[in-house]
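Only one chain is shown below, in structure tokens, and it's the form predicted on its own.
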């Protein structure tokens, strides 16, 4: 697995939508999961698949109910200490969660058969091989236990926004794209040691031509993608780039640009993961066909709505 998700979780984000929720999943998400966790009876255990920074177990433990044990697994390295750096109030709750990181959810042989009455997944299990995950879900659920997931799916507003964001990032990162133009302009500018050098830049025809091209690209991205472009923090980066020119040379400026490239590239890889993970009609058919051989019964497969918008599929299975 590439480390682009691991880097994201190491920054302490609790959910996979870092800009959307201040604390944890809210509104319809929170209501849905708290209802599911409330159905777990005392003495039973819950397993959260592809848990990230433990958002769902934290929600579950916010319900005042004793004697329910929460376990969580994720393929990335997950640090409770990193989470607490941003969410220090969660330290006591996090200590109650049994975390197994760097563990593939396709092979969970560290757990004995029929250990869990509920297995949950929030935008997670669909990133893995569905047949292997369902085999483990069937093995690990106790009879009558349930697997409940909210998964990325085709036609959701999240997938549509994701694909637009990818197009925006590709425009920024492409050859002769925004950052490439900025780097070529930086080379034409050479060293800027004083305010006079900065003023003299207007007589540098090559740099001025590239500056005009850069402004055209900025305007085009702003018009085409609007808030999605601003969410990349690229306009702020460009602003800071120009406000910090005095005392810099081309090498220093290229270091800034390359750091921004790496940041946006990792973001684009996460978006590509989401695009490829989204459940389409073919994958849905594979999952439904697999249930027949896994002692799993379909209870629900519906569209999950948030603020009236399709944000994925809610899937609920029962071990029979």
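Keep in mind that this is a model prediction, so the values were computed, not measured. Positions refer to the first chain, counted from 1.
Keep in mind that the form predicted in complex with a small molecule is not shown, yet the notes after this line are about it.
Practice problem: Tell me, yes or no, whether residue 104 is in contact with the small molecule in the predicted bound form, where a contact means a heavy atom of each within 4.5 Å. | Solution: Output for residue 104 is yes: heavy atoms within 4.5 Å of the small molecule.
Exercise. Classify residue 149 as contacting or not contacting the small molecule in the predicted bound form by the rule of any non-hydrogen atom within 4.5 angstroms, answering yes or no.
Key: No.
Quiz item: Does any heavy atom of residue 76 come within 4.5 Å of a heavy atom of the small molecule in the predicted bound form?
Solution: Because a heavy atom of residue 76 falls inside 4.5 Å of the small molecule in the predicted bound form, the answer is yes.
Quiz item: Is residue 50 one of the residues lying within 4.5 Å of the small molecule in the predicted bound form, judged by heavy atom distances?
Solution: Although the small molecule is absent here, residue 50 would touch it in the predicted bound form, with heavy atoms inside 4.5 Å.
Quiz item: Of the listed stretches (87 to 95, 214 to 222, 183 to 191, 127 to 135), which one has a non-hydrogen atom within 4.5 Å of the small molecule in the predicted bound form?
Solution: Within 4.5 Å of the partner lies stretch 127 to 135.
Exercise. Select from the listed residues 229, 123, 237, 71 the one whose heavy atoms reach within 4.5 Å of the small molecule in the predicted bound form.
Key: None of the other options qualify; the answer is 123.
Quiz item: Is every one of 32, 46 and 116 within 4.5 Å of the small molecule in the predicted bound form, counting heavy atoms?
Solution: Spot residues vs the small molecule: no contact at all.
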